[in-house]
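To begin, one chain is listed below as structure tokens, in the form predicted on its own.
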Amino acid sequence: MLEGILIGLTAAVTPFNLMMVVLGCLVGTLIGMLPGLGPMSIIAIMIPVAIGIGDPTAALILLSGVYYGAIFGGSTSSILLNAPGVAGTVASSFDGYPMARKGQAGKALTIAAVASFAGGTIGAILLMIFAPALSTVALLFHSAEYFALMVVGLSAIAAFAGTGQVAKALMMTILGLLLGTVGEGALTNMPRFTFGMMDLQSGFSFITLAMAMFALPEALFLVMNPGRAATGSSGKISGMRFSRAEARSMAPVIGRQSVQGFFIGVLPGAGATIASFLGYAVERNIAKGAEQEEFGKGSVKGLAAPETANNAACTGSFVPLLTLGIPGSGTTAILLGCWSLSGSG
């Protein structure tokens, strides 16, 4: 294993490949800031560029950088505009945007950057250590295991419900499941609950629903209250640093969610979205007293948890891809196809 790691580092630290890392992260971050564009769309845009490189290693490095940059860039719009750039950063808006409303947008962006970097770095270390063993675990997941995983994910919704609000959370869960049935049937590929409308053929997009729930109400609020848009404290970004006490409170959160997010990312089909929601739910449940009450109002832990988990999950999704050639998510499926095309080209 050590020999393989050294070979990989030798290939990655060449000047050209390092330039591909910087270019990929920059492009992914800039485009990921635009609400509604996920990593799949960004990587699809970059496919011609990657194929034109001709080197499969450089192409994979470039697209991986775009992948990580898009996940991180989505947190910027979540924090500043309450408009999640990608599905995996929806949970980041729960506490990131309230911090921005309090005039702590700079601190929120710094926390997101540090948590994302730490989650991705720890995930990469875990990838090198556990990839061969975890590849067999990914193959053990079948219908029953996926069903259990989805039940756990849906059960985490209770963490977002306040005292006495479990019934409302259950109703919203059922509504979400009903919306998820619209589109093409998984077994028959026939239209289901589309009422003859072609626009519903592919179902409701998660990011579209997220934009409608978060960005649209905020836009209407700004239209109805133009004074806040002009003079609000969230309009100026300053104070990029966070205190040592906040750093000490974030450290165990980053450690826990790096490991949890990585192992969730290893499971095919789980992805960064489930990892971020579960990470937020776990940290909210284990918080005590005043810290738990702070969640949803600008909690440092509430922002660090999903940002760490989604980046670690992105790294974990490479385990079945690199070891077995089985993409763990839609984004890694595009990466696999582009890598094959660049290699054959």
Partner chain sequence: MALDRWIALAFIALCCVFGYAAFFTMDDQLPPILRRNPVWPSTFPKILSVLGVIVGLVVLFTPKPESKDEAPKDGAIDLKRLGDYQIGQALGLLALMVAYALTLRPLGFLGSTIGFLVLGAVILGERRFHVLIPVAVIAAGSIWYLVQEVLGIFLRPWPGILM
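Because the structure is a prediction, the values reported are computed rather than measured. If you superpose the two forms and keep the largest set of C-alpha atoms that fall within 1.5 Å, you have the rigid core. Positions refer to the first chain, counted from 1.
From this point on, the text means the form predicted together with its partner chain, which you will not see here.
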4.5 Å heavy atom contact, A245 and its partner chain in the model of the complex: no
For V49, is any heavy atom within 4.5 Å of its partner chain in the model of the complex, or not? no
Although the partner isn't part of this model, could you tell me whether R101 comes within 4.5 Å of its partner chain in the model of the complex, counting any heavy atom of the residue? yes
Heavy atoms within 4.5 Å of its partner chain in the model of the complex: does V282 have any? no
Mind telling me which stretch in 187 to 195, 249 to 257, 114 to 122, 84 to 92 gets its heavy atoms within 4.5 Å of its partner chain in the model of the complex? 187 to 195
None of S202, T208, N225, S143 but one has a heavy atom within 4.5 Å of its partner chain in the model of the complex; the exception is N225
Exactly one residue in M128, V151, A133, L220 has a non-hydrogen atom within 4.5 Å of its partner chain in the model of the complex; which is it? L220
At a 4.5 angstroms cut-off on non-hydrogen atoms, which residues of 77 to 91 are near its partner chain in the model of the complex? List them in order. none
Align both forms on the core first, then report whether R192 has a C-alpha shift of 2 Å or more between the shown form and the other one. yes
